[in-house]
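Read the single chain below, which is given as structure tokens and is the form predicted alone.
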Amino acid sequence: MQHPRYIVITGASSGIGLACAQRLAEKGHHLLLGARRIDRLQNFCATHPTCQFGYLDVTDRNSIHAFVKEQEVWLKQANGLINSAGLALGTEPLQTSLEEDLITMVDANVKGLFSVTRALLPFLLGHGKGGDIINIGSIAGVFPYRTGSVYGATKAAVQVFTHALRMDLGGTGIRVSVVEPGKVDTEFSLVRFHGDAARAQKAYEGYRPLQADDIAATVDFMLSQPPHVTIQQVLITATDQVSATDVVPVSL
């Protein structure tokens, strides 16, 4: 039986972040959830007594600082951070992409993750008892693909940041890991296609994609390892997904 942890989850209003919140709350962990859709967080915490929440826009440094200041008392107990906030926008090649989409991906996936981690490190280090930082990357950061240059670059940055941060924090007892999922059936594609629900649904048709809880289960497993064990990196795909972009349904 795990001892209850005090874990911050960004991007907790949907997708992988929400699935992590659901699974970890069921295990009795104390959670601080951050996201922009505050109504979703409020509804979740109303039925999960070990949770609390705050507004957090990772693309806005003022929002990050306000979140930390508002939650300062709770954060003094923090021994876990799951950086789940992030997004992809558009599927065009770079030459026809929208500049605003590129800026938003960099702001959320790179600058936001870096800034949140930097802001919370004093708390994670403050009690001297170790902990975990788990960053949600992507298969796109490992295997580049056409029309995914900027999104893939942001997730490659997450991977490199993870490995370098682990070295920065060597000797502190804080484990630093990255999970790199393939295709996961969440609101991810709805956001990527700018709200085109039909197109988003089509992205998951004809094969069995990962579900958000599959990633949450992996995160839970990583957190549950004894303190001397670090699972540094996990690349996880559906069995039907054979590369970053190709799916071949299993016929059994």
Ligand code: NAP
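Predicted, not measured: the structure shown is a model, and the values here were computed from it. Each residue number is its position in the shown sequence, starting from 1.
Omitted here: the form predicted in complex with this ligand. The next part is about that form.
With the partner omitted here, the stretch from 219 to 227, 66 to 74, 28 to 36, 193 to 201 that lies within 4.5 Å of this ligand by heavy atoms in the model of the complex is 28 to 36. Judged against this ligand in the model of the complex with a 4.5 angstroms heavy atom cut-off, the residues 81, 131 and 231 are out of contact without exception.
Although the partner is absent here, residue 151 lies within 4.5 Å of this ligand in the model of the complex, judged by heavy atoms.
Not displayed here, this ligand is kept clear of residue 53 by more than 4.5 Å at the level of heavy atoms in the model of the complex. Using a 4.5 angstroms limit between non-hydrogen atoms, residue 12 touches this ligand in the model of the complex.
For residue 87, a non-hydrogen atom is located within 4.5 Å of this ligand in the model of the complex, even though that partner is not displayed. Residues of 52 to 80 that come within 4.5 Å of this ligand in the model of the complex, judged by any heavy atom, are 56, 57, 58, 59 in sequence order.
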